[in-house]
Structures are given as C-alpha cells and as structure tokens.
Ligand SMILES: C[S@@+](CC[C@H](N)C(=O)[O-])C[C@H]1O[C@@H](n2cnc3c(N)ncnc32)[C@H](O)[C@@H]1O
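Next comes just one chain, in structure tokens: the form predicted on its own.
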Amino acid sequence: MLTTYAYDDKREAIEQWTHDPCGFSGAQGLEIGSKAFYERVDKNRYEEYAPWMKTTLEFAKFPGKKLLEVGFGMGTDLFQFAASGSIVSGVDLSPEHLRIASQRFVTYGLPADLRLADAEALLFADGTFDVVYTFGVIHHTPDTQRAVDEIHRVLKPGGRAIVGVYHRYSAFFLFSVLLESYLLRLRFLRESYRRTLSRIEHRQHSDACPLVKVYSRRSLRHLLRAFRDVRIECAHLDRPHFGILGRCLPEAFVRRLESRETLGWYLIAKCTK
C-alpha cells in the first residue's frame, strides 16, 4: 500500500529550487556569478532547450515599461526584458534564486528590484505594472487562482500579462509522463501520482516533491477569466516527448506537429486587463 503524505507545497518548492536552481544544470562546473556562467545558462535555455522562447515570450517588446516577473528563477528571462529596456521587478520564493539572480544584474550593471516573496501575495500596490510575466511558475503554487488574481490586481488597466503553464494535452505529459513513466514503468505501484509528476522537475541535490499541475486550454482560460482578452499559444514539442514511441517518429513529422500548436509542453496565454 502506498503511503500518503501531507505536503507543505511552498516548503517543497523552496527546497526544490534552492537545492536545484531552475536552469542550473545547464551550467554546472562554472563559477556562479561569472559572465561565463550566465552566458552558458542562456545558451542552454535559448539555443539548446527552446530556441522559440525569445520571440514567443516577447522579451524585446516592452522598452520603458514597468515589468514584473513572478517567479524569476536565476533571473534568466527577466534579464532579457531588462536588456531590452524594460524597468524590471521580480519576486521568487527561493533564497538561492534571489542570490543568483541578484548577482546577475550586478555582474552586468543593470538595475532590478528583486524580492523574496510569494506569488499569492504580491508586495505591490494595485495597478503598479504595465506588464506581468510568469513562465513555468504558477502551476507549482497551491492556490493558482489567487496568484492569477494577484497578477491581475497589480497590472494597470490595459496592462499585459504573459502566463506560461504546463499543458495537460501535450505529447510530453500524455506519452512520456503518464503512459511511459507512470503506467508502463509501473510507478503507480510504488509511488503517488504527485511524486511521479514532481519528477518532471530536474532534481539532483534533494528529494523534494514540488507540486506540479497541468492545464488544458479550457482550464487555463477559466483561470484567466478576469482578463478581457486572452489569446493562448502552444509551444515546445520534441521527439523524446513521445517517450518510447518517439524513436519511430521522423523529425520532420514532429516539426509539422509542432507547427500546428496542439501537442507542445507549454501553454502561453497573452492577456489584456
């Protein structure tokens, strides 16, 4: 019989990303805080992992605008906005994320207001920001609706939100996580569904069990119902996302599927308040 645990979701998140900072594995062996470290992190994220990110996530679109990132990680994406002229602020739960991200902005001489804070209780007045960006974050917090409501609150009227979450009907979730990992490898006999989903996050230096949620287009749109305009895109599909079935799929076929924006791992909502 499987043992049922009562998890402190936010404590698990702090443990996860304090011991294994988001994106750190792509730059192991380099001195944290050095330009070589941050350049390697960028190369891993924007060239090797997801070349679509810089364009799709609109890093260069908001010069002179006040922009908040909810869950800034090592500051990788937030730095792209800042380098393009945005006036940036950010919040994150992990002290290690805060340390590494702060050092990045110091190293490159760019200003940023970075704070240790909770996505469900943003430390800013109503209508503070022109843009709020959050990617791969709010599906880890227990009250995701509250986090979305906070994003809406701190945006100015007419402000823009860019929200990225994991996609329930992606090839990665359906084939690699559910079919191969959970069912064919019989993980359901040894561990909880939550533990299996937590393995989606890179984990090397702790046994944390972060909360992981996945969303359909419909459920994401419901989360964002307070916004007057919501457009949802789907991105990031690779052959390994199909699990063992991926070995039989031609790369050209996978690329055609990706262009249809149906089976990608991320749903990205672009919203107007």
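We number the residues from 1 along the sequence you see. Here the structure is a predicted model, which is why all the values come from computation and not from measurement.
One more form of this protein, predicted together with the named molecule, exists but is not displayed; see below.
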Ile162, Ala119, Leu155, Ala101: which sits within 4.5 Å of the named molecule in the model of the complex by any heavy atom? Ala119
In this chain shown alone, the residue from Asp149, Glu180, Glu201, Asp130 with a heavy atom within 4.5 Å of the named molecule in the model of the complex is Glu201
Which among 183 to 191, 105 to 113, 71 to 79, 169 to 177 is in contact with the named molecule in the model of the complex, heavy atoms within 4.5 angstroms? 71 to 79
Please tell me whether any heavy atom belonging to His236 falls inside 4.5 Å of a heavy atom of the named molecule, as the geometry stands in the model of the complex. no
Taking heavy atoms only, is Leu263 within 4.5 angstroms of the named molecule in the model of the complex? no
Looking at the partner-bound form in the model of the complex, is Leu197 within 4.5 Å of the named molecule by any heavy atom? no
Quick check on Gly136: any heavy atom within 4.5 Å of the named molecule in the model of the complex? yes
Give, in sequence order, every residue of 93 to 109 that has a heavy atom within 4.5 Å of the named molecule in the model of the complex, or say none if there are no such residues. Leu93, Ser94, His97
